[in-house]
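One chain follows as structure tokens, the form predicted on its own.
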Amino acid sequence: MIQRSLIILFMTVIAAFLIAPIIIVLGISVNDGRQLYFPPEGFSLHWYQAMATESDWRASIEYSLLIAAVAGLVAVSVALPLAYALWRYGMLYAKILFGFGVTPFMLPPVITALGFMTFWATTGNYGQIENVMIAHGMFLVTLPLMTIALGLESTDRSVVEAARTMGASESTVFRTIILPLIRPYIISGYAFVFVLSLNEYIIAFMVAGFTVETLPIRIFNSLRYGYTPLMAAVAVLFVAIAVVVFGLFARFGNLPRLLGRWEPDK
């Protein structure tokens, strides 16, 4: 009984420690004045209104959402054929390519950012929004690569072989059997890339500089002019997007299975 109470107390402390920064930022974002006070002095939502109406902040939000959406597509487009080639054929070159797909996420972001910055500067295309999209997609490709690989490993190969025995072509098997089975894993990988791309700063800054001012870059640039609750409102927006995305997984999908736990149907 005492041990159970200690475990509950420990978990409560951990939960409070994790959620406290979010509560503080949420409180700061509704401050009536320009100071970062907590508890807030007065209540106002005008900082959220300013985030949506001020052209600089609105442009940064649009940049971040567009980059995250395309980066997710880039990452999934690279991860899907890599994971499928390894699962389907198990060839040496597929394993090597799979290893390359995992490597970017294992390296410090500044190294990846430096490589992309040098590449785009050499090609004379530095400072373009498409550079950030591609860089984020390649840097975060590990996430959909892992989730899609998990989905393929959970696929019953006997169903696939039965379809081939019945005369289905490779493309038909992939389109009608494999793709529907791994679709939740593709979507989850895309969502992970989307959320992390929204919050990424180093690569976006080094690849595009100040010409493409995403929300994280905008926040850091605004720090030069002082702290305002507007930054807290933007942080709340980040948290809200992440909660909505992963909340949808928890509501409509099998989140533990998407994260790697799989038990065969009985």
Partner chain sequence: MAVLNLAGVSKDFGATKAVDDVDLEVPEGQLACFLGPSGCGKTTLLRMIAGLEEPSAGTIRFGEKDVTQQPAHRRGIGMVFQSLALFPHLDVGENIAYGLRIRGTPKQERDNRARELLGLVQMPGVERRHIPQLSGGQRQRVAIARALALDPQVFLLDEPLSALDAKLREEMQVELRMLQQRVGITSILVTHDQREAMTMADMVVVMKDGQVQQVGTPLEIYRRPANVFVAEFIGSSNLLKGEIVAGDRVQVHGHTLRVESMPHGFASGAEITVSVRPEEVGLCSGEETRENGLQGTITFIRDVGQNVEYRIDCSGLEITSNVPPRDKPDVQLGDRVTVELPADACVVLA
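Positions refer to the first chain, counted from 1. All of these numbers come straight from a predicted model, not from anything done at the bench.
The same protein has a further form, the form predicted in complex with the partner chain, not shown here; the description that follows concerns it.
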query = At the 4.5 Å heavy atom threshold, is I187 in contact with the partner chain in the model of the complex?
reply = no
inquiry  = Check I129 for me: does it contact the partner chain in the model of the complex (non-hydrogen atoms, 4.5 angstroms)?
reply    = no
key: Interface residues of 158-185 toward the partner chain, as seen in the model of the complex [heavy atoms, 4.5 Å]   = S158, V159, E161, A162, A163, R164, T165, M166, G167, A168, T172, V173, T176, I177, P180, L181
